[in-house]
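Before any questions on how it binds or moves, here is one chain, the form predicted on its own, in structure tokens.
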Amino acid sequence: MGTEGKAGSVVKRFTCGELVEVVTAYLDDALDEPGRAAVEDHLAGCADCGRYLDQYRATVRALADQPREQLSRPVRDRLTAAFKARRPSA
């Protein structure tokens, strides 16, 4: 399996803090095979990170189940203007 389009390799063994840094890439299947294996190896030996991953997944599911809210036109315009003002000019 190639690694094209995947996030860079992760060190073989890493700390709980380092796992937190790559958990989104892990769930998005954006890690290369060595990185994914390193996450799974860490999870196999760290109950705290296993719970963290379970909570992260539960949070993502809970947020995905929320009904979409429609913003009023004035609010949408203010947000768009704020985002454009923060964007660095090209």
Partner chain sequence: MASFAGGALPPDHVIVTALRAGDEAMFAALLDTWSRGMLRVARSYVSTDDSAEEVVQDTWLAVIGAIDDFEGRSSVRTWVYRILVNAAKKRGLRESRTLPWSALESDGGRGVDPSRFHGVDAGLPGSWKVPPAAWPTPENQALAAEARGIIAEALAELPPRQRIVITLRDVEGCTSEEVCDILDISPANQRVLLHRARSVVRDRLEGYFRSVMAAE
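Quick caveat, the model's predicted, so the values are computed rather than measured. Positions refer to the first chain, counted from 1. Between two forms, the rigid core is the largest collection of C-alphas that superpose within 1.5 Å.
There is another form of the same protein, the form predicted in complex with the partner chain; it is not shown, and what comes next is about it.
Among heavy atoms of residue 64, some come within 4.5 Å of the partner chain in the predicted bound form.
For residue 76, a non-hydrogen atom is located within 4.5 Å of the partner chain in the predicted bound form, even though that partner is not displayed. Although the partner is absent from this view, residue 30 contacts the partner chain in the predicted bound form, with a non-hydrogen atom inside 4.5 angstroms. A residue is said to contact a partner when one of its heavy atoms sits within 4.5 Å of a partner heavy atom; residue 44 fails this definition for the partner chain in the predicted bound form, lying far away.
Applying a 4.5 Å heavy atom cutoff to the partner chain in the predicted bound form picks out 66, 67, 68, 69, 70, 71, 72, 75, 76, 78, 79, 80, 82 from 66-82, in order along the sequence. When the rigid core is held fixed, the Cα atom of residue 72 travels 2 angstroms or more between this form and the one not shown.
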